[in-house]
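Given as structure tokens, the chain that follows is alone and in the form predicted alone.
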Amino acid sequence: MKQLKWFTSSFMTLMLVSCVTINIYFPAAAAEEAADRIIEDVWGPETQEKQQEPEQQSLINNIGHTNIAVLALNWMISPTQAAEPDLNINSPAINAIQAKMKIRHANLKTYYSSGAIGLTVNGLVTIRDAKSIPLKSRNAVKGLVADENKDRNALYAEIARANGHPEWQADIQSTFARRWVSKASSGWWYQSGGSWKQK
């Protein structure tokens, strides 16, 4: 009787674990696709010609974010059930932020190209070389950078919120940080390993 009770309780636990929704983990591949679509829209057609990261690097990044529980769930659930979901990036709030960023990019593009501003490791923008900005334009560029960072932070938060997982904000921001650099034009500057590098 004791063994039957133990078996029943173990079986029920296994069944509960098997029924857990698989969306408990961050969908890294879907986030990369979503980031690429937004970046290509904001930065324009020149980003669509950029060389993609090697598949192996993408695989390594995905494995790095996978934990043992997810591996166990993937083993128990068939691949068709475990298909990674798309991220919703079409809410009115996301579209509004994206539109503002797209308009602003026309003014920022010159400063990316000159090296005056660069991409940070946390998915934002910063002034890298203030001396390369004409004195009369410095305050305007500072304002553009501040507005861009405000919108980028709002975008990351809104994507997480629109998908019902506010806890994903840091992962979304990290994904965007990598994709901004990947999609950047040749000659633009970005932070890596504590220093600036030129693409």
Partner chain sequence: MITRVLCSLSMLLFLVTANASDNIKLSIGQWSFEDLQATNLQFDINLTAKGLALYAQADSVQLAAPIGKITKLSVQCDELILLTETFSCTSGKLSFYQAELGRQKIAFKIDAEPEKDKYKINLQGVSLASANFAATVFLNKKNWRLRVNTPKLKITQLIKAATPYLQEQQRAILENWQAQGNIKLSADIAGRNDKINIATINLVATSINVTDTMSRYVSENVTLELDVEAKNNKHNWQWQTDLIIDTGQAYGEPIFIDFDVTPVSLHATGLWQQTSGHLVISTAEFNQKNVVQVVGDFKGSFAKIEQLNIKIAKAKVAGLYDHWLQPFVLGTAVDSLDLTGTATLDYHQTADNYHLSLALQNLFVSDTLNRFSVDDVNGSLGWTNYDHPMQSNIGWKKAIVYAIPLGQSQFQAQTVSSSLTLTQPWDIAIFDGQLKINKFALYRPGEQQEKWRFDGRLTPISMEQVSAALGWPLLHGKLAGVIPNVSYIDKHIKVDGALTVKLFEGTTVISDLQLDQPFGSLPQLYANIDLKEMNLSILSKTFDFGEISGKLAGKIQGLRLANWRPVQFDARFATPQNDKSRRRISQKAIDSLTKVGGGVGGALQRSFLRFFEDFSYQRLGLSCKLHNEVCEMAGVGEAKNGYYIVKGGGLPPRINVVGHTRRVDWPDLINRLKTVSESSGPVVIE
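Numbering follows the first chain given and starts at 1. Since the structure is predicted, the reported quantities are computational estimates derived from the model, not experimental observations.
What comes next is about the form predicted in complex with the partner chain, which is not displayed.
Contact check for residue 126: every heavy atom lies farther than 4.5 Å from the partner chain in the predicted bound form.
Interface membership of residue 103, defined by any non-hydrogen atom within 4.5 Å of the partner chain in the predicted bound form, is ruled out. Of the heavy atoms in residue 163, some are within 4.5 Å of the partner chain in the predicted bound form. In the predicted bound form, none of the heavy atoms of residue 29 sits within 4.5 Å of a heavy atom of the partner chain.
Annotation for 143-166: interface residues with the partner chain in the predicted bound form are 143, 146, 147, 150, 151, 154, 158, 161, 162, 163, 164 [heavy atom within 4.5 Å].
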